[in-house]
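Only one chain comes next, encoded as C-alpha cells, the form predicted on its own.
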Amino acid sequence: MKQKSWDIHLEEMMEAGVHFGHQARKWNPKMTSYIFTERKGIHILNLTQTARFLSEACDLLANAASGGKQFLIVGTKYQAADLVASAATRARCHYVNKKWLGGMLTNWSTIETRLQRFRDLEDKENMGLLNQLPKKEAANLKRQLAQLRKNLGGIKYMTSLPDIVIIIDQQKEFTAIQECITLGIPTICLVDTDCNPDLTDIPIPANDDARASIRWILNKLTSAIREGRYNSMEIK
C-alpha cells in the first residue's frame, strides 16, 4: 500500500494538546530530538516529528490490516480506558483497558485456558444455567465471571498472540512493553517527554495524559486499520 498523508494536520494536534509534554525536570534525555522547546517549565513536543512517526505508524497498520493481521490496544490509565475500548471496538481490535495481567502475552497458554473458562461461563449464563445451580455456587461462578469479564473482556475473541501492539502510556504499561520485547512483537507507543523512545518500534511523541490527545492519536491509528481492512476486501 502506498504511503499517504492520513489527514494529519498540525492545527488539529495543537487543538488536542498533543504538543504538551511533562515538566522539564521530569524529562528523559533520550527524548531530546523530539522536543521543540521549553515553555514555563513545560516541555513542548515537536509536532513535525509527531506527524512523521504517526504517518509511519498508520502506514504500518494499514498494510498489516490489509494482510489480515491482528492488533491489541493497551491503555489502562483512567484517562484512556474508555477511549481505548471504543476505538478498539470500532476497528475490531482486541484491547486491555482495566489491568494488565503479568504474563498476558508471555504466558499465553495460561491466558488461553482462562479465556476458555470465561467463554464457558458466559455461555452458561446466557443459557440461564447458572440460575439453576444452588445459590452459593451460582454466586461464586457469577463473581468469577465478573472478574474474568473485567480483566479479559477486551481479548475474549483473541485466539493467538497479536501481530502488533499499540500502547498508550509507556510508563503505565511497562510490563506489556517488556513482554512484547521478549516475544519480538512490534509495538507502536505514545511517548511523552518522560519516556524512553528506544523501547518501542515506532514511538509517537505525544501528550499521553490529556484525553483529547489520546483520542486524536487513537482515531488516526484505528482509522488506518479500518482503511487497510476495507482495501483488503476491495481487492478480494
Partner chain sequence: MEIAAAAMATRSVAVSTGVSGEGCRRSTLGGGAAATVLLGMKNSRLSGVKLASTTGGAIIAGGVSRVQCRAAAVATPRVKDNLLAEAEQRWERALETPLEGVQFTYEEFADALSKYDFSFEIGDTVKGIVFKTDYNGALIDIGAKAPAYLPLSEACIYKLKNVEEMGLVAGVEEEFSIIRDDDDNGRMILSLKKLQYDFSWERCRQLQVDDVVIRGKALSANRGGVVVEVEGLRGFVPFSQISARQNPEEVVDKELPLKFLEVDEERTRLVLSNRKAVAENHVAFGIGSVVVGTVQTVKPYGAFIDIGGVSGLLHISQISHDRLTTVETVLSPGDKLKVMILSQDKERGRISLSTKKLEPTPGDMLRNPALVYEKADEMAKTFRQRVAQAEAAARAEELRLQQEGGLGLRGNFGSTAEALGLNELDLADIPPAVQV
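Keep in mind that what you see is a predicted model, and the values were worked out from it rather than measured. Residue numbers count along the first chain shown, from 1.
The same protein also has a form predicted together with its partner chain, omitted here; what follows describes it.
Enquirer: Could you confirm whether Asp192 comes within 4.5 Å of its partner chain in the predicted complex, counting heavy atoms only?
Expert: Judged by the heavy-atom cut-off of 4.5 Å, Asp192 is in contact with its partner chain in the predicted complex.
Enquirer: Hey, in the predicted complex, does Gly184 get a heavy atom within 4.5 angstroms of its partner chain?
Expert: Gly184: yes, in contact with its partner chain in the predicted complex.
Enquirer: Consider Gln79 of the chain shown here, and say whether it contacts its partner chain in the predicted complex, taking contact as heavy atoms within 4.5 Å.
Expert: Close contact exists here: in the predicted complex, Gln79 approaches its partner chain to within 4.5 Å, heavy atoms only.
Enquirer: Can Met13 be called a contact residue for its partner chain in the predicted complex at 4.5 Å between heavy atoms?
Expert: Heavy-atom contact with its partner chain at 4.5 Å: present for Met13.
Enquirer: In the predicted complex, does each of Leu45, Ile164 and Thr200 have a heavy atom within 4.5 Å of its partner chain?
Expert: Yes, each of Leu45, Ile164 and Thr200 comes within 4.5 Å of its partner chain in the predicted complex.
Enquirer: Can you name the residues of 116-155 that have a non-hydrogen atom within 4.5 angstroms of its partner chain in the predicted complex?
Expert: Contacting residues: none.
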